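As a starting point, one isolated chain is supplied in structure tokens, in the form predicted on its own.
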Amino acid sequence: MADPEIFDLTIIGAGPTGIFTAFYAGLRGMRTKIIEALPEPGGQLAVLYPEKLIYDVPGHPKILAKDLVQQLMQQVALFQPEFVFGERIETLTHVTANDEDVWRLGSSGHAHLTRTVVITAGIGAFTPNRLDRPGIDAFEGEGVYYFVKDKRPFRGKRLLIVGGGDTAVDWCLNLKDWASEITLIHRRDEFRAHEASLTSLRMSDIPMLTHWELKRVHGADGQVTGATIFENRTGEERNLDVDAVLINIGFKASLGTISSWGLDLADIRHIRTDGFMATNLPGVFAAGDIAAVDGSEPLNLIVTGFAQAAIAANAARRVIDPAARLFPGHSSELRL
């Protein structure tokens, strides 16, 4: 059987950082492949909050997450990279193919050969932190949600939102003019959400009940009708009439098989890189939320991922052709 085609660059992860890496690789004339474990591009933007408004992407006063993904895909289409969806890479090994030393990326039943690799796997494999409370499992997906991909079902509904991070606060703000009523509960009085978002939430008429937790979800005939909440210091209970419960209490993230590839890890969730986003493996780079430059704490912002994507793609080009310049020139000077 003939070896698969050898690509110049293969990107693991089709979140915004991965897509933009492919765009920059296209600017440098590299034949590029993107492999994504999910069935669609977008990463966290597609899975966790496609309807969420994003305010910190340069040039966009605000943009829906799903629209940002769509525009990134339109941008990268100029260079026609090959996309592979629904495939999780399990192994990374150095091999010889066609008298050339390359990397082999293996999954169940498939192999991909490439001269360089950029890992843009975000926070890795992630699953939501779940609450073990009566009624939650019975109504999950039918009134109780850990993920929200479409806000239309919440039109005119009474919502209980659980959590104190960015996702919980952002959904309050996103749905405040959409739902008929929203109540936010959080088990502490300290929030992890962005300061600007908290300021907007405090200026709204949404009740923010701190030190309150969810005790039980009520429903009948497959529909949520209410919830019982309790004050975790006094034990006081309240019954709320709600149509849906959104639980946003964080995620468990793991590098999964990436941790067995021989990479130098900064911690259990991050790959250590240098300033050129290079890992300890020759020709293998990391960018975005998964990368810890010089082992420092990552700044998990989309804009940071975009900058690291450009650095990694240009550095990969120089690995393929050591005579190539790191700086590609300004895009305004190129004929696209």
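Under this definition, the rigid core comprises the largest set of C-alpha atoms superposing within 1.5 Å between the forms. Note that residue numbering begins at 1 and tracks the sequence as displayed. Everything numeric here is computed off the predicted structure, so don't read it as measured data.
Form predicted together with a small molecule: not shown, discussed below.
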{"item": "Output flag, G18, E87 and G122 jointly within 4.5 Å of the small molecule in the model of the complex, heavy atom basis", "value": "yes"}
{"item": "Listed residue (V293, A278, I302, I311) with a non-hydrogen atom within 4.5 angstroms of the small molecule in the model of the complex", "value": "I302"}
{"item": "Answer option from D67, D274, D267, D56, heavy atom within 4.5 Å of the small molecule in the model of the complex", "value": "D56"}
{"item": "R31, heavy atom within 4.5 angstroms of the small molecule in the model of the complex", "value": "no"}
{"item": "Contact of L27 with the small molecule in the model of the complex (heavy atom, 4.5 Å)", "value": "no"}
{"item": "Proximity of A14 to the small molecule in the model of the complex, heavy atoms at 4.5 Å", "value": "yes"}
{"item": "is_contact(V284, the small molecule) in the model of the complex, heavy atom dist at most 4.5 Å", "value": "no"}
{"item": "Rigid core superposition, A253 Cα moves 2 angstroms or more between the shown form and the other one", "value": "yes"}
{"item": "Rigid core fit then A168 CA moved by 2 Å or more between the shown form and the other one", "value": "yes"}
